[in-house]
Structure formats: C-alpha cells, structure tokens
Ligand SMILES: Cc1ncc(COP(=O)(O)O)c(C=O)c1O
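First comes one chain, alone, set out as structure tokens in the form predicted alone.
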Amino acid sequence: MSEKLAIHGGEPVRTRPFPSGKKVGKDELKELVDVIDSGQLFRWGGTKVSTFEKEFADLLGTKYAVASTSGTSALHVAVGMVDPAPGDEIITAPITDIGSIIPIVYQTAIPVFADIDPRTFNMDPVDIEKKISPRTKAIMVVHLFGNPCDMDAIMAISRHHGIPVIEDCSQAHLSEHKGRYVGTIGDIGTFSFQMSKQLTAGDGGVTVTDRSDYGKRGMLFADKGWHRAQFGAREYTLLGLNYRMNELTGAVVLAQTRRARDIIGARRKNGDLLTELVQDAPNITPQRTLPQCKTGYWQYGMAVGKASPFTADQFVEALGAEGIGCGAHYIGKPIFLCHGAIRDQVMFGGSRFPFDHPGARPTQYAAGVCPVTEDVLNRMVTLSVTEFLGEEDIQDMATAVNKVAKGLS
C-alpha cells in the first residue's frame, strides 16, 4: 500500500463499500404478525409493550420500565418523575441532541450546562458541582456516543447535595460502568430506539428506575395522569401527556431487546479493536473510556490534537479520500447555541417563560459558557462502527486513520 495520501493522488486504502446490514428481520416480523393477528394495536389491550417493559427491566436489572414514543418522551417522563417547579434548574450536557433539552424546558425548568472533560467528551464532575445552585432539581448526564460518564464522581455529588441523577442513555445501550449497566446507576435511566440507535424500532423510548415513587409517577405521566386501575369515574391525578407506545412498536423493540447482548457485543468488539489499532496514530486521539468501563459505540469519537498541523476538516477530507466515511465537529457547537429558541430564550407564545419566572436565576447562553466543549467540537472527528462490520473492515479503517494521521503530520 502506497503511503502517498489518496487526496494527493495516492492509492486509497478502501475502494469497496462497507457492509450496511439490516437492523430488522424475521424476529421482528414474527412479533408484528402476532400483533396483526390479535387485532389489538393499543398497549392496554395488547401484550407486546408490557412484555417489552418487563424484559427490558429484567435485562438491566431494574424494577420499573415505562415505554414511550421516543427517546425525547422517555426523557420527558424522567423529568416528570422528578417534578421540577417553574424556574428550577437541571444541569446537563452541552454535547447532546436537542431531545435532551426540550423536556427540561417543557416541564418549565431551566437547563444549565456543565462543561466537558476534553478526553472523555462527557460532563466534567468538577464543573457539574460548580453549576449547582439552590434551584438545582436534578443532574441529567449524557453518555456521549455510548461512553460512560464518571458515575462514581457524579453520584458522590448527587449524594452530597441530595440531587437525583437522570442518565440519558440514548446512545448507550448496555454500556457498562464498573460492572453495572448505565441507566441503573443514577436514580432514573432513559433509552432511545430511534432508527440510528443500536437497538431500534424506528422510534420509541423507555424510562427505567428502581424507585417505586418514580416508577408509579412515570407510568401515570406517560398516560395522561390516568389511574387506570381505579374503577368508576375517570381520575386524572397529575398533569401528564400521551406518550404511550403502541403494540407495533412494542413488538419490534421486544425482538431487538432479545438480541441486545449480541448486537452490542459485536459493536464493542469492533470499536475496541479500532482503538487498539489507532492508539499510536500521531496528532489524533480516540475518545477516552474510563477504567473498568465498556462503551456501546453508537459513534466512534476522536479528537485532533490541539497542536496538530492539520484540522479536523482536513483529516476528514483526507480520510474520506481513502474510502472511509467520517464526519467533523458532530453537532458543531454547544447545543444551546444550535437551537434559536433556547439560545434567545423565546419560548411559549413569544414569552421568555420559564426564564423570566420570578424565582428563576438569570441565565445566559452564549459562546464562552462551555469553552472546553467549543474547543473539543472544533477538533472532533466521528466514525461509524456498527455490528455489521468484520475484522477486515476495522483493519481497513485503522490503516486509513494511521496513514492519514502520519501523512498529514
């Protein structure tokens, strides 16, 4: 193989496409046929959603699982469980999807952003503690790309201040922190089954907890606050939403749950191998996984070195020329700068609520609020490592990463 970069006219490392695979198949079809044959598509008359909730809770080892329509709704259920008052604050991550932030604002709380650790790309516990105020109602951690946060430090902060922890595991199915699945370490865990996720039903979500008060409140919150177990006149005991998962979605995600360990195991094997093969590449470093932790590799994250002679964009362009698809900067800038309504605090009916609630503290979202995040996003590179790739595919990816890193250096 020529060491001359393909972008400079050399021979590319990879000329054939990578295998894409198919996320759903006969297992999902069998469950779907059961639903169609039953004629019951509604969760309260069917069996698939309730079976999924039980099996997903059993998979993680939790007592309660509340199925819902999306990862965003699963997070809204979690925020509904902790029940913030208008103007309360929830500390969360600046690198995430807007689906992590929408439930906070819609539940009349204010998102406060903790900066990240430049090596793990996850929330820095030191900055989390700095951001705690008398109005802090919860900490919502995001296990970015499936990489577990420093949960020992975060739970120590939680216990010291008496603040519950919500784990956003939308990208972290079966990721592990010191032998425990993420989502089971904090007070509440949430998962997404959107099409790009490791386990998918096209869309869907689930919220898990061991706390009976949260579990019962979450089930009510996702079903309009309706106490279905009560007979007689309808009784709605809290302000909830219709986030009920239907039986068709439940059928697909049930089949996915039963294959979860195999799916995540294959992704982990591929991601770990890639890390082993590129760890000595100059001027680019894989996202750090903490000791005794295992990631589920929703994406494979890397960062170009601060003193590197090339940028993330140049690295991505050169890697693409070698036949390796990748991206630069992920979301580009901190999430609070990506969303105009959040950034400008223009909310319901053009009002500033909840930001102008009498009890709320003044909050500004601007460049410089999370400087480490801005720096890391500027240098970030992401690759796709799926369960459909074989060892030869990972070898090609690693060869290209090493070739480009050396060539541009």
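All values derive from a computational prediction rather than experimental measurement. Residues carry their position along the shown sequence, with the first being 1.
Just so you know, the form predicted in complex with the named molecule exists too; it's not on screen, but the next bit is about it.
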Candidate site 120, 147 and 287: all three near the named molecule in the predicted bound form by heavy atom within 4.5 Å: no
Contacting member of 200, 96, 136, 158, with respect to the named molecule in the predicted bound form [4.5 Å, heavy atom]: 96
Position in contact with the named molecule when the complex is considered in the predicted bound form, options 249, 209, 192, 295, heavy atoms within 4.5 Å: 192
4.5 Å heavy atom contact, residue 92 and the named molecule in the predicted bound form: no
Distance check, residue 270 to the named molecule in the predicted bound form, heavy atom within 4.5 Å: no
Partner proximity in the predicted bound form: residue 75 to the named molecule, non-hydrogen atom cutoff 4.5 Å: yes
Contact test in the predicted bound form: residue 100 vs the named molecule, heavy atoms, 4.5 Å: yes
Listed range touching the named molecule, judged in the predicted bound form by heavy atoms within 4.5 Å, from 163-171, 287-295, 108-116, 78-86: 163-171
